[in-house]
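Let's start with one chain on its own, the form predicted on its own, as structure tokens.
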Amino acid sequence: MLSDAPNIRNFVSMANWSDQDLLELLDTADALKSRKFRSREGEGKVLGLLFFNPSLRTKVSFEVAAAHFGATTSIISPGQGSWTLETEIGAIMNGNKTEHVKEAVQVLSRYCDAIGVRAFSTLKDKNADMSEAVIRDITQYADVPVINLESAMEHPCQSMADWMTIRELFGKNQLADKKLVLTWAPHPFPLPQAVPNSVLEMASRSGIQLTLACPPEMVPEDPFLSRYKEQCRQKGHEMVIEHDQQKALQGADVVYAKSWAAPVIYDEPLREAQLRKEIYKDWTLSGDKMKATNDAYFMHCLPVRRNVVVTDDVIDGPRARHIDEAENRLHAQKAILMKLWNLSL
């Protein structure tokens, strides 16, 4: 879990925000969406967006969110039109990195009113990934609010949009009797745990009944898993972990498909690839598998590998809600900016 700086409210981890805080953000997002809200209250403000990794929805939705308040954005992609950035503390910078992130972020804090940071897991250094080293250090260097645009282990902006979407589907106070299944899916490349972690964080705090469907080797590690289980218990449910995908899907009201790398990737990358691409390749979510559900809605964060993660008949079907999720990124992020910048509705 990432910690906020003493005198700055960041949006780097949902764990730093109470349930009540998050619900208030969601209510604000609902109001912004229903009113198609625009204002000029943010005029003159600048949102810096630091992308170490590619983006489509995150980049555009934050640019649009800022514009809807009259603010502007500055996109920084290290090594692509700006200096390459070193992130390792204590690094001897005699290689191809030009500037240290410590100076870069302090400078950006003088120019910008908030900084969004996207820095994926490398899936090579377990300690750095688990400790959220890059965004943790950036948050310490910054003198303005920092927003997590996806870090090694979390994607809180996506999970807020996901939470907003399931509230739209069932009603914000009608989740306790609904079942959400997060199902692992195969993928040609190893992906970080940030999105699945954030789906589990969101679901365990929303009050919905939560089932994690995945092969035994794909179960997230502690301290994350223990936190999700405890949060489910606090909402009156037990988190279910099921290694039989078809059994897990039975009676589901929402199915969220997502691939992530097995934790063994740090020590046994060849074994991880075998698990993901060969041994469990039949975990693709299909229309036949969805027949076991309670006519469930399909969700995914995007981008998605069609006919690898999910078949065309599911993602193109009438119960797919992945485009709604993508739209809700905009509204949820506008609510976050309003809170961090103390703007009024």
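Nothing here was measured: the structure is a model prediction, and the numbers come from that model. Numbering starts at 1 and runs along the sequence shown.
One more form of this protein, predicted together with phosphoric acid mono(formamide)ester (CP), exists but is not displayed; see below.
So which of K33, K45, K289, R57 gets a non-hydrogen atom within 4.5 Å of phosphoric acid mono(formamide)ester (CP) in the predicted complex?
None of the others qualify; the residue that does is R57.
Just to confirm, with a 4.5 Å cut-off on non-hydrogen atoms, which of V308, I279, L302, A67 contacts phosphoric acid mono(formamide)ester (CP) in the predicted complex?
None of the other options qualify; the answer is L302.
Where, among 33 to 41, 49 to 57, 310 to 318, 289 to 297, do residues come within 4.5 Å of phosphoric acid mono(formamide)ester (CP) in the predicted complex by heavy atom distance?
That would be stretch 49 to 57.
Would you say all of R118, H155 and Q158 touch phosphoric acid mono(formamide)ester (CP) in the predicted complex, counting a heavy atom within 4.5 Å as a touch?
Yes, all three are in contact.
How about R329 - does it come within 4.5 Å of phosphoric acid mono(formamide)ester (CP) in the predicted complex, if we only consider non-hydrogen atoms?
Contact check for R329: yes, within 4.5 Å of phosphoric acid mono(formamide)ester (CP) in the predicted complex.
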